[in-house]
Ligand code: DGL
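Quick heads-up: it's one chain on its own, the form predicted alone, in structure tokens.
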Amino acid sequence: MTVGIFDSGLGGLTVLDAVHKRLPDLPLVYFADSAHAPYGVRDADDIYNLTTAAVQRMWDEGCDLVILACNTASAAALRRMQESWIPSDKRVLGVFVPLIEALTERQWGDNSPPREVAVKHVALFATPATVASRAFQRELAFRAIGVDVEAQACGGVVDAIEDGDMILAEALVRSHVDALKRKMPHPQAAILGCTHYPLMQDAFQAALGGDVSVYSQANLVAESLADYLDRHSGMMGKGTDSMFLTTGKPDKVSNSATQFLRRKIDFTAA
């Protein structure tokens, strides 16, 4: 009954933590491709190849369902994987879906024509690769009309978080918000389009102002997963053990993850 959670680094631990709190008895396999992080500066083919290799490794551990808790992988690789690579008895889900459900106030299975929604001006903060893919705008357009999305590539933020340099990360957040506001002075909502960014949610909120609704992904993904498993219980994989896998140096990644979640985390080599 194991579910896999994948990220290029440690950001997906925000999703794992939320899923664990929502579904405490669900075994989880977390895969951090730390040796190749960050993904946000890689090209689409590279991201695809790295992501499929990681997903295959989690399938080998009995995870029939894998969540790409990495916006870059969701944006640059997921559609290609779904079209030509994922077998019929497996599922790979991205992290855009719950965000768009929340923003448009409609369920993903609602295939009615796109309609107007309350929010008209949306700021998207994401990695350069996610911004370049325009995947969020494409998926949003299937469900909503009249929404202006201004995207800001937030270079350096993931690296600073992975290095534990939160002072630098906060400074970069303020800089990126300032750059976004020069293009869109009055956003109504802001999407934190990277699973690292919930750690900086207070910094984003402070820089944007209290009148901007900030959407981050961890809790939304956890609720979406719980609903999905209720409706698709057959996708609970045959694995039974929780584990943390990394392509990086396990001791170093374990130390960083322990600081990240403020509880003991032990990674093993993938």
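Quick caveat: nothing in here was measured; it's all calculated off a predicted structure. So that there is no doubt, residue numbering starts at 1 and follows the sequence shown.
Form predicted together with this ligand: not shown, discussed below.
- Contact annotation for residue 158: at least one heavy atom lies within 4.5 Å of this ligand in the predicted bound form.
- In the predicted bound form, this ligand lies within 4.5 Å of some heavy atom of residue 194.
- Residue contact with this ligand in the predicted bound form: residue 31 places no heavy atom within 4.5 Å of it.
- None of the heavy atoms of residue 204 is located within 4.5 Å of this ligand in the predicted bound form.
- With this ligand omitted here, the record of contacts in the predicted bound form names 69-77 of 180-188, 69-77, 113-121, 82-90, defined by a heavy atom within 4.5 Å.
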